[in-house]
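One chain follows as structure tokens, the form predicted alone.
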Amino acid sequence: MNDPALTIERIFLDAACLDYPLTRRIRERLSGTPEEIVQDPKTFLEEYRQKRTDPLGDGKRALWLTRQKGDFLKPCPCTPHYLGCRYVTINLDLNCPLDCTYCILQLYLSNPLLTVFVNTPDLWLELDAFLGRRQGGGQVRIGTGELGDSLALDPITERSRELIPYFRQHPEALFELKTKSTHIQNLLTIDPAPNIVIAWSLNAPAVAQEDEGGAPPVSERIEAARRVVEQGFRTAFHFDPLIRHPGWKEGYAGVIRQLSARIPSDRIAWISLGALRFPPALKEIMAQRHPDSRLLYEEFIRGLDGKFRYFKPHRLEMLFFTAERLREGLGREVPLYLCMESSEIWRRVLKKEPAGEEDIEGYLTSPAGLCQFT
């Protein structure tokens, strides 16, 4: 494993979780890494935060193996007053070894450590119950990557080797693994299935270099996607967040040219677009952790959800420009959708106006071109 962004210097183990198979597997994979067994997780996490100047940064080099005490499955929170898509998230890991300036996890998570929930047997029970209730209710989009990168820890956890075979047996689910990493080693040893989608977050090269610390270059992410497509998987892409910067038009257009040259459009399940938005409280954290970021000096307004957003004309320009370049490069049969935007923005950018979340879910789970809305 040769990845400077994934350097585990210490493993902390919840004493109640030592006997789980995933705990044993991770300890074997990281044999020789210093370990500490924790008897009181709550006190341990509080002291970890208090004793460090940058607990978020330090936590990216430390692994915390514990149990998911709540639900693994949750509806994507989306944001108030804007359209969602009824996506269901599986929260297997928390935090990420990458260090993006705009990452919302810097604000949302009180636990700064790279956290792996090792009680996988409970996950299968919860998934069985959830998918059993969905029988006859249409295909559901479900995936990991909301609270942690789906593949960044895969060389250590090998979760993909368990998740993909599980969902191969459940065609009622359209399962997505979403990543910025290029850790596809395990994927290249797994048989694909029509309902499995491997997705990458992409950005303009300047943004990837300046704002996505530790992430591989965009060209390497696209190459990883090409190899996964050759393996037989479908893929997807997320241009989110789109960020205004000098030369942004050429930056995004260049990425789309690379994409269209290397990935067949009929192997793309969907592409999402979203302009930068974040809660005001994140700005203070960004100023402390990333004081040189240009994002601190951009002009924003408060959206209906209270988040900082670009002025509507700027948002429209970025979303429309990127959508048009994607249509030109990949064709109109590739489903495009907007993340956390209003029906007005959908109409003006994509010439579609969904009546609600069910419309969007149906659009993304139906074969390309068979489900449309006006």
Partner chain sequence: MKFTQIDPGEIDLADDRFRVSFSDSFDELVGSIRDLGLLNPPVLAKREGRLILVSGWKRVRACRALLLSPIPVFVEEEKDDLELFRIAVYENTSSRTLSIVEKAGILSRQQGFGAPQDELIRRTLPLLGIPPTMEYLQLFLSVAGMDPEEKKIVHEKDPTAAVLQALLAFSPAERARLRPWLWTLGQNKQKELLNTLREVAARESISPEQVLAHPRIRELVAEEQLLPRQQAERLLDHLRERRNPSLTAWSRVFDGALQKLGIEKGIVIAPSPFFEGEDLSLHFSFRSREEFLERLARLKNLGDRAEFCDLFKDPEDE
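Positions refer to the first chain, counted from 1. Keep in mind the model is a prediction, meaning the values are calculated, not measured.
What comes next is about the form predicted in complex with the partner chain, which does not appear here.
- Item | Q288: touches the partner chain in the predicted bound form, heavy atom cutoff 4.5 angstroms | Yes, Q288 lies within 4.5 Å of the partner chain in the predicted bound form.
- Taking heavy atoms and a 4.5 Å cut-off, does F311 contact the partner chain in the predicted bound form? Because a heavy atom of F311 falls inside 4.5 Å of the partner chain in the predicted bound form, the answer is yes.
- Query: Going by a heavy atom distance of 4.5 Å, is D266 a contact of the partner chain in the predicted bound form?
  - Reply: Output for D266 is no: heavy atoms all beyond 4.5 Å of the partner chain.
- Give a yes or no for K283: in the predicted bound form, does one of its heavy atoms lie within 4.5 Å of a heavy atom belonging to the partner chain? Judged by the heavy-atom cut-off of 4.5 Å, K283 is in contact with the partner chain in the predicted bound form.
- Query: Which among 25-33, 330-338, 51-59, 65-73 is in contact with the partner chain in the predicted bound form, heavy atoms within 4.5 angstroms?
  - Reply: Looking at the partner contacts, the answer comes out as 51-59.
- Query: Which one, A261, L188, L125, L296, lies within 4.5 Å of the partner chain in the predicted bound form by heavy atoms?
  - Reply: Of the candidates A261, L188, L125, L296, L296 is the one lying within 4.5 Å of the partner chain in the predicted bound form.
- Item | Option touching the partner chain, based on a heavy atom within 4.5 Å in the predicted bound form, out of G214, G303, G274, P205 | Contact with the partner chain in the predicted bound form is made by G303 alone.
- Message: Do any residues of 184-208 have a non-hydrogen atom within 4.5 angstroms of the partner chain in the predicted bound form? If so, which ones, in sequence order?
- Response: Going through 184-208 in order - heavy atoms within 4.5 Å of the partner chain in the predicted bound form - there are no hits.
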